[in-house]
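Consider the single chain below, provided in structure tokens and representing the form predicted on its own.
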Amino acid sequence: MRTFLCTLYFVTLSLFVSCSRQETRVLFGHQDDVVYGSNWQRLADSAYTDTRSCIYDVTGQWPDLIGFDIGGIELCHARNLDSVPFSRMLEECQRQFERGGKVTLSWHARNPLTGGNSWDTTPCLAQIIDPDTDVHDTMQVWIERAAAFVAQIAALQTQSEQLIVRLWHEQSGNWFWWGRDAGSAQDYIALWQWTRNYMNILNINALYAYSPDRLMLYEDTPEGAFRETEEWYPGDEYVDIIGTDCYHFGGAEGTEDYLRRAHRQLNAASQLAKEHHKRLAFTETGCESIRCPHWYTEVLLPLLREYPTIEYVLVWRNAWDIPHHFFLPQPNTAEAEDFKTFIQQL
């Protein structure tokens, strides 16, 4: 009887551990995963009867999460800034939702003062939030157009919490017109809240993510990183997920620097999420061309395990027309085998 009870106990314990791991598994995502990849693309305006996926090509599994960007919707373009037709985006979001997966949206909006792209850092943030300026009126129209498209995507969901909207990301850098050099933290927060409030008017069913990148405003300490993350935080009423974006540069030689920055940023995001009872995510990362051997299992996986409350991680895209610009490995390579092991161990 004792042997039977012990066996039953360990079987029950194993099932409990298995279920717990499944419930807390980190979701893995890839930008534009189903519309193009290295050496292939499905960017025609016409609908496709099937779907191809970079992740599926390597693992035989559909992505937990797909990232899309809606840059260009503010000008009523038919395609986003990476040539993805918005009609295709809607189609693939619907398929992803029907598979039970999630979608995360970013918005590389053009500079409303100059008409330049997101990387045109001509200062404009203070003018944008001033209701007495023409550029404020322009931004209002752009927010309305973006929100209307996001509402279309949100309406396709088959379950709750399948859509994540990541507004005005990487503001802690100086490369976007809404970045840290464009205006004050108060200006940035006003833009964030304005955008979110308008999406609330349309009753969009989504989670909203706040995602700084490099934290360079204050001293290079945990306290400095947290201070900056908290100072630009849009507020509990507006944010559901707190994350960070952090990329690995320099191949194997850059591993130490990547881990230092990633820990600094994730520690700050994790602390803020805990204090404000928000979810935690690694909202963008990757190693371009995967120039660090076993990057997924020996760099990213141990990093994720140090932050057990991370809900998802997203790596950037595999450009179909830029040979070196890929963040997911090609099928039938050593890197692909490493990635498959990574997915199995998440």
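Sequential numbering from 1, following the sequence displayed. Just so we're clear, the structure is a prediction, and the values are computed from it rather than from any experiment.
One more form of this protein should be noted, the form predicted together with a small molecule, which is absent from this view; the next part is about it.
Although the partner is absent here, D187 lies well away from the small molecule in the model of the complex, with no heavy atom inside 4.5 Å. At the 4.5 Å threshold, heavy atoms of W316 reach the small molecule in the model of the complex. Remark: A148 does not count among the residues lining the small molecule in the model of the complex, judged by a heavy atom distance of 4.5 Å or less. Contact annotation for Y218: none of its heavy atoms lies within 4.5 Å of the small molecule in the model of the complex. The contact residue chosen from H108, R88, R214, R264 relative to the small molecule in the model of the complex is H108, the criterion being a non-hydrogen atom within 4.5 angstroms. Site annotation in the model of the complex: the residue of D82, D245, E92, E74 reaching within 4.5 Å of the small molecule with a heavy atom is D82. The candidate stretches are 316-324, 274-282, 302-310, 47-55, and the one lying within 4.5 Å of the small molecule in the model of the complex by heavy atoms is 316-324.
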